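First, one chain by itself in structure tokens, the form predicted alone.
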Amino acid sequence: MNPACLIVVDVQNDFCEGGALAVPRGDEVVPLVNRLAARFDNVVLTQDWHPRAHASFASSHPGKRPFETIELAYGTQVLWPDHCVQGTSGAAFHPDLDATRAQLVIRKGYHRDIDSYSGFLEADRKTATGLAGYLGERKLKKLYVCGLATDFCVAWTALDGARAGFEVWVIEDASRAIDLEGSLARAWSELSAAGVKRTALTSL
């Protein structure tokens, strides 16, 4: 078993095929994540968990469309289709995801006025989820991050993990990207600059 922690990001129905904000080929990560989880003693899942009429939803801003941007109190916000609404089937984990090895589920995006991509900090960059404290108490210093989507929630989680002092790896083949206007290339550039490393399932 691997003494590090596997962080599985947002493998939820709305981010998979047929979902409200489907990541291209997002379903493909599910069997890979299941294989990975079997190799780790420590597994954490993150779960997007928005209230209805969340500030990040285009439907909350009359005249705005998904993927446009607006300015909120904490900065520029991409507007999304309604997704991962609390208690809906879209917010549930993919039915084939084996969550039995997960010891912790971090729910994010549940504050109505703040979006949250990262498993560590919400988009205001002040509101902590408690994940860093959990990992610190468990003395888990090496993190492997995978899931959906590489260029948003996976990247933000990995970057915040690195900023918090953890050694972080992104498992590239167990993640899929949205790639919105070059967002994937930008994410990899930022990850590399932050010292986050890439790896693959076959290397673990």
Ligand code: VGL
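Here the structure is a predicted model, which means the values were calculated and not measured. When you see a residue number, it is the position in the sequence shown, counting from 1.
A second form of this protein, the form predicted together with this ligand, is not displayed here; the remarks below concern that form.
- Though the partner is left out of this view, residue 169 does not reach within 4.5 Å of this ligand in the predicted complex, counting heavy atoms only.
- Residue contact check for residue 94: none of its heavy atoms lie within 4.5 Å of this ligand in the predicted complex.
- This ligand in the predicted complex comes within 4.5 Å of a heavy atom belonging to residue 117.
- This ligand in the predicted complex comes within 4.5 Å of a heavy atom belonging to residue 153.
- Only one segment in the set 131-139, 45-53, 160-168, 30-38 has any non-hydrogen atom within 4.5 angstroms of this ligand in the predicted complex, and it is 45-53.
- The partner is not shown here, but in the predicted complex the stretch 77-93 reaches within 4.5 angstroms of this ligand through a heavy atom at 80, 83.
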